[in-house]
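The chain below stands alone and is given as structure tokens, in the form predicted on its own.
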């Protein structure tokens, strides 16, 4: 019988701890498959975040380092500078990257650090109970804005790709989604392009993935994916925001 699909060797056999319908698992698979397909298996180091993906070191079958909350891009910077021959990626959520880690990501991008950041944007603090995140949508409810985010009280959602694309250091920045099969395929291409840019030493690369959080959004998994496609993408449009040839 012909084999049409098999699990990438870059993921361990450890079962994911994520909630049903969460797309962190898809994001993990895309990153892992890209690493294997590009031949980086023995030449890659990952930085795990604080947040829902805090146990990423259990899932990726490569050297992983746990960073303090928000500091993954700073840790990745140090690892890459010491080991410039390695492919180095940081995996961060919106609370980790766009709140406590905002200074680190902005300055890593501004310096053009030759790292790749996988940014999971599910518009809420997932692990800590569903608080409003920097990326929470206008009108979206959370435990800290029970009537919905109000821009007059809470400010506007932060658009990380658009923000970082104004800097001179980044070489490649793209926003993708994990809402359907077609989008997932495009997301994998973006991850591979980011890794290729890093291999060529072009500079800082980031792929933002719009992701779902059915548990804290209080939706079924299918409704959560529809929310990503119909609501999140209106505020966070997909596309390439910077690409240096």
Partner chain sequence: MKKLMKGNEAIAEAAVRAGCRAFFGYPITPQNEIPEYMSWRQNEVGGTFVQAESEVAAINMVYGAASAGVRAMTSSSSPGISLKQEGISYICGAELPCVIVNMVRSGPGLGGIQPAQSDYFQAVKGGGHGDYHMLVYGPSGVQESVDIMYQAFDKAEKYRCPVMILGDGMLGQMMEAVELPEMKDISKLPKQEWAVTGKGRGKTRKIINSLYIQPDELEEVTHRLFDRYAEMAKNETASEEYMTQDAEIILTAYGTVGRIAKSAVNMLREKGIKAGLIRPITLYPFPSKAYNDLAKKDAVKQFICVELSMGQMIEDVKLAVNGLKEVKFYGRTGGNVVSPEDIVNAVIKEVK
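Residue numbers count along the first chain shown, from 1. Please read all numbers here as calculations on a predicted model, not as lab measurements.
Separately, the form predicted in complex with the partner chain exists; it is not shown, and the next lines address it.
Task: Contact test, all of 60, 69 and 104, partner the partner chain in the predicted bound form, heavy atom 4.5 Å - done: Yes, the whole trio is in contact, each within 4.5 Å by some heavy atom.
Task: Selected contact from 169, 134, 130, 78, since only one has a non-hydrogen atom within 4.5 angstroms of the partner chain in the predicted bound form - done: By the 4.5 Å heavy-atom cutoff, the listed residue in contact is 78.
Task: Single option in 177, 45, 213, 52 placed near the partner chain in the predicted bound form, where near means a heavy atom within 4.5 Å - done: Exactly one listed residue reaches within 4.5 Å, namely 45.
Task: Candidate stretches 214 to 222, 37 to 45, 23 to 31, 191 to 199 - the one whose heavy atoms come within 4.5 Å of the partner chain in the predicted bound form - done: Every other range fails; the passing one is 37 to 45.
Open item on the list: Quick check on residue 143: any heavy atom within 4.5 Å of the partner chain in the predicted bound form?
Closed with: Residue 143: no, not in contact with the partner chain in the predicted bound form.
Task: Residue contact check: residue 228 to the partner chain in the predicted bound form, 4.5 Å heavy atom - done: Contact with the partner chain, no.
Open item on the list: So, residue 156 and the partner chain: in the predicted bound form, are they within 4.5 Å at any heavy atom pair?
Closed with: So residue 156 does not count as contacting the partner chain.
Open item on the list: Is residue 184 near the partner chain? Define near as a heavy atom within 4.5 Å, in the predicted bound form.
Closed with: Residue 184 lies outside the contact set for the partner chain.
- [ ] Could you run down 81 to 100 and flag each residue that has a heavy atom within 4.5 Å of the partner chain in the predicted bound form?
- [x] Result: 81, 82, 83, 86.
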